[in-house]
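Here we start with a single chain on its own, the form predicted alone, put down as structure tokens.
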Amino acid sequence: MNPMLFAPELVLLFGSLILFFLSLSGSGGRQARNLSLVIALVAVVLTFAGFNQQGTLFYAAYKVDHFSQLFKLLIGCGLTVVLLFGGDLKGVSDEVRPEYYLFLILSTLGLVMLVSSVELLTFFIALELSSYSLYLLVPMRDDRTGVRSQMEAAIKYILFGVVATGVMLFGMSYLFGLTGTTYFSELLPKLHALGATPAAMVGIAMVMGGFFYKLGVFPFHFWVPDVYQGSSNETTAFIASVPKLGAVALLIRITTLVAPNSEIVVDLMMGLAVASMFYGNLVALVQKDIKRMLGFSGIAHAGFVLLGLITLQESGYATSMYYIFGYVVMNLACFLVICKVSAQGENVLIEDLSGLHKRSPLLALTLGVGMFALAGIPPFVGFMGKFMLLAGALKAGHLTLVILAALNTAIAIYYYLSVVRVVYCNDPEERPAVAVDGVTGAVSVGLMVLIVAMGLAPAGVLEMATQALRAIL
């Protein structure tokens, strides 16, 4: 066996074991954070070093290819960025920080395993490893800031997650009963041969439900605003970005199971996309808490991701990958600012950002770029992603869907630019300046460069996504 095939996973696994023993020793959070950062960086380096490696493990239930390696690299980079700007971890007490970082690494391990899973039971186990670690991160927020909604958020998160898991398992039983196999490579031809058989369509739709939940697609979205608001700022930054990469990766794998001549699942995804966009954008208009606003915004963006999947074509899948890559970078830029503006880990209201351009010009610029990109304003990655998704859907003949999506883009501009107006046009009053250390400044600049570069030169990212997709199509 080539050891490079499983090297990033082994680093995360053994790293989590070290963190476990560290938590038993009573060590402080600073040591655990530094160790977690080293683990994340080593995993990224090993993934990059083995980027062109290919092979199968565990009786072909686990496949390492260009597709999985690309997502592993992005997941590792996302974790690293969160650890870099969330190093203070203001909303979590020091005595539980070793356990906090343990579950953060375990969740990442589950996501990394998820994108390489090519068998139903294997990806179910990986998904649950990632999910249950996240369920434990949410209630670890302390009460110093006066926020006591973390327990309610955690209960909602796990209860909705259990329901979504049950729906997904029921769908898996349909697929196994119809085909007699749990391997994607064998499911694909058999389900295509079944065509638009109702049982096959119901099974695929139910399995998709588990990942619609992770992505926050309507009506699997009910956990999103409460978990975003109730979790610590750093936890929300992770939940709002990194797990969505794994959700999109598996949604693409599952969507390939849909027969090309089937319209049932396509119509279902169209309906969910429209509902997600309208619900997320309209409710975001009235939010005062910026994390809650970004939560509803995420529901709307999940609807845009589905626009690429409904084409059932390689170009559409590649555009969805490009869009979710850009969305993660945009979201991380916004949450970096939230984590730094929050003095003691408390939630940040939109009005708390008043006069940020005077209190911290770099953070104000970062938030402005992030909000402009999320709104879909050129030349940022959000504009190019939405443009290509709408163009692809129009080419596939979904004119009504394109019109509704364009309308939602116009709605979203209002609340995104309202935040920018508060940052640049309001007076800071008595609010203090926000200090920015060198690492945070470097991460901030790096995220802004990525947002602009991906918007101005999308061809490279699209080509990379297309090459990765050819490994599974």
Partner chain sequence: MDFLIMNDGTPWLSILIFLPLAGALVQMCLKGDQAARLWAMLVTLATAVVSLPLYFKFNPNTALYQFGEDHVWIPSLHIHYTLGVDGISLLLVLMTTLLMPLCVLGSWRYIQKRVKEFMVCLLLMESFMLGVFAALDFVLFYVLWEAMLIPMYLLIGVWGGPRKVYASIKFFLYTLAGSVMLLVAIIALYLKTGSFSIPNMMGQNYSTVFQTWVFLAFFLAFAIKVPMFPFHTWLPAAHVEAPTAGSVILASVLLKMGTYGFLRFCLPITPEATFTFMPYVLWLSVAGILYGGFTALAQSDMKKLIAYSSVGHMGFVTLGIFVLNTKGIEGALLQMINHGVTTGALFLCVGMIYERTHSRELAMAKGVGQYMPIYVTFLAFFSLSSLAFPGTNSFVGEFLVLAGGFAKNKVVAAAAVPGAILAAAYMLRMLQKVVWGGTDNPDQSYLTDLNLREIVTLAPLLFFVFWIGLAPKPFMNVMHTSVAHLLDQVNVAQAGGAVKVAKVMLP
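As the structure is a computational prediction, the values presented were derived from the model and not from experiment. Positions refer to the first chain, counted from 1.
Here the subject shifts to the form predicted in complex with its partner chain, a form of this protein not shown in this document.
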query	finding
Stretch in contact, per heavy atom within 4.5 angstroms of its partner chain in the predicted complex, of 41 to 49, 430 to 438, 413 to 421, 60 to 68	413 to 421
Interface membership of F387, its partner chain in the predicted complex, 4.5 Å heavy atom rule	yes
V445: touches its partner chain in the predicted complex, heavy atom cutoff 4.5 angstroms	no
Close approach of F372 to its partner chain in the predicted complex, 4.5 Å, heavy atom	yes
In the predicted complex, I377 touching its partner chain (heavy atom, 4.5 Å)	yes
Candidate spot F383, L394 and V402, all three touching its partner chain in the predicted complex (heavy atom, 4.5 Å)	yes
Partner-contacting position among L24, V449, L17, A459 - heavy atom within 4.5 Å of its partner chain in the predicted complex	A459
